[in-house]
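Consider the single chain below, provided in structure tokens and representing the form predicted on its own.
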Amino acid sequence: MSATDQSTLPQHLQKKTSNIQKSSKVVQALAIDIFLWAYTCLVSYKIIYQKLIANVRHADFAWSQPLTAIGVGAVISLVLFMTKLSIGRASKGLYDLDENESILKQPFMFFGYFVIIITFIAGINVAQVSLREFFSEAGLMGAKRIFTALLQPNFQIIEPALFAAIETIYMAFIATTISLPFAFLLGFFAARNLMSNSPITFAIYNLIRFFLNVSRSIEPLVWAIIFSVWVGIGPFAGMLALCLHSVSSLAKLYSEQIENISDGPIEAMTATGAHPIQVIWFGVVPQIVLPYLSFTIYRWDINVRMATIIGLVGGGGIGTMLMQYQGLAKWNEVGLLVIVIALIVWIMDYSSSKIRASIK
């Protein structure tokens, strides 16, 4: 509820609404503190103590450990909630901070620094970062052998490499082209400012947003594997994977552009009694044409780069050739393919940047 809506309510209802909002902030702040303290306890025990101090090589995991961490985190949060060590209260604006003091020197920030530090330590441990292995003699010799072969490309496969590169570019182009009408239409239904006028349209908005988020969260590499089983290995599977991911990504970009348009023309046309379709066509579309073109060209550029990757799982194009030669350890051939891929990416990046600059 906005401040304008609250001002029209009776005084007792305003006070009740204010208390509800404050209580909600307190609950959210406490939840944030419990999560951070539970996370700190769990990471400190599993990584700092077991891995680094006790040097336990393969630490056992039990669900009682995170549950215990949540319990300990809840106790610590309740004890420190009313102090200035509560990040939750600070993030929800429940502190009266002195404007003259830097927020970086507040007590709750020191706890935040500690969380960041142990997260960094845990990340290094989980990722198994090892400078010893990186600079080992065997590893350096293997890297030298591979890079020597890569820098001596085998130009005898230049013809099939060029044909595969052309296949990759066309695959990305068709995927982008087919995705455009679907993304264009879904962009309007996924725009909150156009779909929040009634419960039905708002339900449609949430449903489409859910579909876009799910399909976009799955990488094209995974979609390529799925479609390779569905339609067989080849460029068609790669095109379908890129197309599906392009629809969700472009629809999200389009909808966000619609949400940022000026409301003046829409309000003026609505006041004259224009049909909703007329409002969209004459009030919304003229404001989004140039950004849409820019997003579309940039998406084609992205699809060309992705097409080389999804070929690794049978999506066709030059990526499939790269996978085959890499699997056979033919690094001279791989070196040529890397050069071709680099040229494709450079040309597409240069061309798309020039086109996008010309339409602004």
Partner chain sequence: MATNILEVKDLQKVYPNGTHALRGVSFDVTEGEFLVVIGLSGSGKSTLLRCINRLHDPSSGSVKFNKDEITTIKGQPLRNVRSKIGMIFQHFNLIPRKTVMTNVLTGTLSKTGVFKSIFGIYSEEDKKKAQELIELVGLSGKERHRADNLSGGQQQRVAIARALMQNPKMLLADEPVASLDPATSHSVMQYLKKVNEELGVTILCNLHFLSLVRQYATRVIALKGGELIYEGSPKEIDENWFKTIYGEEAVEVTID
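Here, rigid core means the biggest group of C-alpha atoms that superpose within 1.5 Å across both forms. Positions refer to the first chain, counted from 1. Worth saying up front: this structure is predicted, and the values here are computed from it rather than measured.
The next section is about a form of this same protein that is not shown, the form predicted in complex with its partner chain.
The stretch in contact with its partner chain in the predicted complex, judged by heavy atoms within 4.5 Å, is 285-293, chosen from 285-293, 237-245, 151-159, 201-209.
With a 4.5 Å cutoff on heavy atoms, Trp230 does not count as touching its partner chain in the predicted complex; it lies far away. Within this chain, Ala268 lines the site of its partner chain in the predicted complex, having a heavy atom no more than 4.5 Å away. Within this chain, Ser102 is remote from the site of its partner chain in the predicted complex, having no heavy atom within 4.5 Å. In the predicted complex, its partner chain sits within 4.5 Å of a heavy atom of Gly264. Taking a 4.5 Å heavy atom cutoff to its partner chain in the predicted complex, the contact residue among Leu180, Ala74, Ile121, Ala274 is Ala274. None of Gln278, Ser136, Ser217, Ser130 but one reaches within 4.5 angstroms of its partner chain in the predicted complex through a heavy atom, and that residue is Gln278. After superposition on the rigid core, the Cα atom of Gly142 is displaced by less than 2 Å between the shown form and the other one. In the core-superposed comparison between the shown form and the other one, the C-alpha atom of Ser91 has shifted by less than 2 angstroms. Remark: with the core as the superposition reference, the CA shift of Leu328 between the shown form and the other one stays below 2 Å.
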